[in-house]
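Single chain ahead, written as structure tokens, the form predicted alone.
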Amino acid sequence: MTFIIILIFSGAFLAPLIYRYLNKISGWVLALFPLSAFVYLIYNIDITSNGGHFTEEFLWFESLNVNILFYVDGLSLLFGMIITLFGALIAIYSNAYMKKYEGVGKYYLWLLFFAGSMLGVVISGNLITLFVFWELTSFSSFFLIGFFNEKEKSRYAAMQALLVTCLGGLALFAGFIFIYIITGSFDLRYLILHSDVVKSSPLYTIALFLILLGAFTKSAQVPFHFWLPNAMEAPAPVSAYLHSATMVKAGVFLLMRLAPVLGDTDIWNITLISVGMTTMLLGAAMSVAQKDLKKILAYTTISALGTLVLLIGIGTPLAYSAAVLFVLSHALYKGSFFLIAGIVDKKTGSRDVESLSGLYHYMPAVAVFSILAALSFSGFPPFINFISKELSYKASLDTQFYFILIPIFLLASNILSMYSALLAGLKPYLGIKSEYKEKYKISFSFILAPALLSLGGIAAVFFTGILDANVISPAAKSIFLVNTAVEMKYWYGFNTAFILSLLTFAGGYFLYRYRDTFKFYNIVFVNRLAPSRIYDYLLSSIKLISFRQTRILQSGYLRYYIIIIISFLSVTVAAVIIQGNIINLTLDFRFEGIYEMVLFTGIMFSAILATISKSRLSAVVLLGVVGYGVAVIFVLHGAPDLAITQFTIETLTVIIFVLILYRLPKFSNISDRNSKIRDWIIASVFGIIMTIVTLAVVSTEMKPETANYYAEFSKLLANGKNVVNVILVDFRALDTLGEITVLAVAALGIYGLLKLTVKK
């Protein structure tokens, strides 16, 4: 498994080079990388079909119990095969679609990088490994969605997708941390075995909602669905790969994978059913108000993702089987649809279903595959999606939650989705012959992928037994953890589910037949349901707040910077002091001799006089007295190294200050009375707080382990008798190097300022 991940990522980084030297066939060559991974998964299908799994594990952070763990069972295998096979087909399709664009080498890089990241998500057996690959999918999709970066809409869509999914990713990571706090492990195998510990924990609810937030943002559930239609600014192969077959199903996969850990509770079921039903119906309703082919497909994808979340929320063996089968059938017909939309857009220059007509006369092969995809989308027999729809209706009728509402919502969304399918799949090809070129030339690279996917929707029906035994049932069993015993077959009898299917066909055809009467395009209020306006408002508000906050904090005056820093530090430290109850200090303030009293008095008077001095030179000298007094304290208490350092610093400081400040003009009164009062208050509060902190440290009983370690091993390990020097040079060498680096950089900056000359 590690090999196939490395293989795909290697293909990604080699993609620009391969494209440079094998331009005309680069897509075919690069398709071999994900195709090899697909063959590897197929080769191991006998392991998962028997209910088994195979793993690979590598040590990563042993102290945190985090290892790189790859885990492939029936569910991972299904998603892995979709990711790798579609990746190969998309690369081949891109060979024709992308050939006239610039930056195609980078496009292939990010395409394969995304494929590797997505494959990593579905075969991860560790939450941290899964999260790393999860974020890599968001990162790589940003570059794919924003491929046409010269267009403002593409940049906006890419940034929107990145912000929404990454914010969800942060929530997801927080949820994983809570799971670790509960169980002490990130290992999915361990979590499944101890799911009762997770569900009984008081932290279960917050962990659940954080994880659901991450899944919902990735899989475009309401109210986070708005980024998906905007992402249609991406090239058609990107839309087909990311937004129908892979990326948007990452959230669905996560819910399936964590169902044994977090599922089978009322809050899990009710939340998923509620969000799923809402997303399912809203996506279908918004699709009927669209004219753009890709927008129609985008909103129906949102509806399909809502259906999957709904089925996972129902949580019965039948629902899981229906969800798994729907993942496959949806990828087949929707992937084909997106690719066909790309061909139509590329050849005709339009995606407007109102203006497109009679394309069957100009691209008959494309028309045939589009009609097949539309029929598969609608769930007509004998397509595999018919079985998926039947199982979905049966599952909606067999649940204790909402009961009658679920099949009603499912029926309504299926009717609307069927209308959209017929509109996108039939309308542009039938009807009056329009003025286009005679017989568009469609290359083999263009037509191969949509042809295989369209035909796959009907060919799969003839292999339902093999498909069920080797793919669908093992995947469903991986979710439910017991034998689902749901048989896939073409005919389940004349029952309620079949009647609902008939109503779907009749309702969808009726809406399509009388579409000119209903004029769904004019349903403007449906498009206004998108919360993208809230996103835009929040984004603009953040920008405005950031601007105003910057104007306040970055005023350009050093005195205000110091005031802000000291005030913030005072408040935070004071809060810790009060909360920690360390104000009551019992210290012995007795002086050991008259010399300490004199020294203390001299330091205090020098510090006070420095603050009220009317001369810079006097203030510098008085501060020097304070510094030298502290150095004498070091000498009296047996710290000659610190004393020498202090003497050196104070001498240099006084000299430098005198040389510079002596040439400056005299003090002028630029502060009013209120400013002086403010400064006195801030300085006094900060001084009191620092005094309390210092006294608290002094009154704390120190543990000698660290000091004893340095004293014992300084000579043994570093061959040094001076413990302080050994600590600075050996034990804390990197820290010292950092300090030296800071001083060197500061010196270079000062040198640059000295060399700076202003032309008059």
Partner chain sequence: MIEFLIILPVIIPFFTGAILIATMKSREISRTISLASAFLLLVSSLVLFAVVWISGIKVLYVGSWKAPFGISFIADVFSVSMLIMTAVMLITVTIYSFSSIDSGREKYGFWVFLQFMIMGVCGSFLTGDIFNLFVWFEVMLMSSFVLIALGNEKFQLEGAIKYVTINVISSVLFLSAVGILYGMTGSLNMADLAGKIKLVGNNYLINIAALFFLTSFGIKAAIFPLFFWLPASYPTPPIPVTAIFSALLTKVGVFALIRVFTLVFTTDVSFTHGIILALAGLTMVTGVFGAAAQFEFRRILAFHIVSQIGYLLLGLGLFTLNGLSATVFFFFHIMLAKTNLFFISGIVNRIYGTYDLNKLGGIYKNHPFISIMFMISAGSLAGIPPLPGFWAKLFVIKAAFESHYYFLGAVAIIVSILTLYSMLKIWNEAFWKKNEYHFTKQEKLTHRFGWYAPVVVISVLMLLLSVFPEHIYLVAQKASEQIINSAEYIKIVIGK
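Just so we're on the same page, rigid core means the largest C-alpha set that superposes within 1.5 Å between forms. Positions refer to the first chain, counted from 1. Please read all numbers here as calculations on a predicted model, not as lab measurements.
A second form of this protein, the form predicted in complex with its partner chain, is not displayed here; the remarks below concern that form.
- Distance criterion of 4.5 Å from any heavy atom to its partner chain in the predicted complex singles out R155 from the list H361, H194, K99, R155.
- When its partner chain is considered in the predicted complex, only one residue from K346, R189, K106, R678 comes within 4.5 Å through any heavy atom, namely K106.
- With the partner omitted here, the stretch from 304 to 312, 145 to 153, 502 to 510, 82 to 90 that lies within 4.5 Å of its partner chain by heavy atoms in the predicted complex is 145 to 153.
- Of the heavy atoms in E56, none are within 4.5 Å of its partner chain in the predicted complex.
- By the criterion of a heavy atom within 4.5 Å, Y595 is excluded from the residues contacting its partner chain in the predicted complex.
- With a 4.5 Å cutoff on heavy atoms, L203 counts as touching its partner chain in the predicted complex.
- The closest non-hydrogen atom of Y490 lies beyond 4.5 Å of its partner chain in the predicted complex.
- For the candidate spot formed by A174, F178 and T706, every residue has a non-hydrogen atom within 4.5 angstroms of its partner chain in the predicted complex.
- Contacts with its partner chain in the predicted complex, taken as any heavy atom within 4.5 Å, map within 710 to 737 to Y710, L717, A718, D730, F731, R732, L734, D735, L737.
- After superposition on the rigid core, displacement of the C-alpha of N44 between the shown form and the other one stays below 2 Å.
- Fitting the two forms on the rigid core leaves the C-alpha of Y21 displaced by under 2 angstroms between the shown form and the other one.
- The two forms, fitted on the rigid core, differ between the shown form and the other one by 2 Å or more at the CA of V571.
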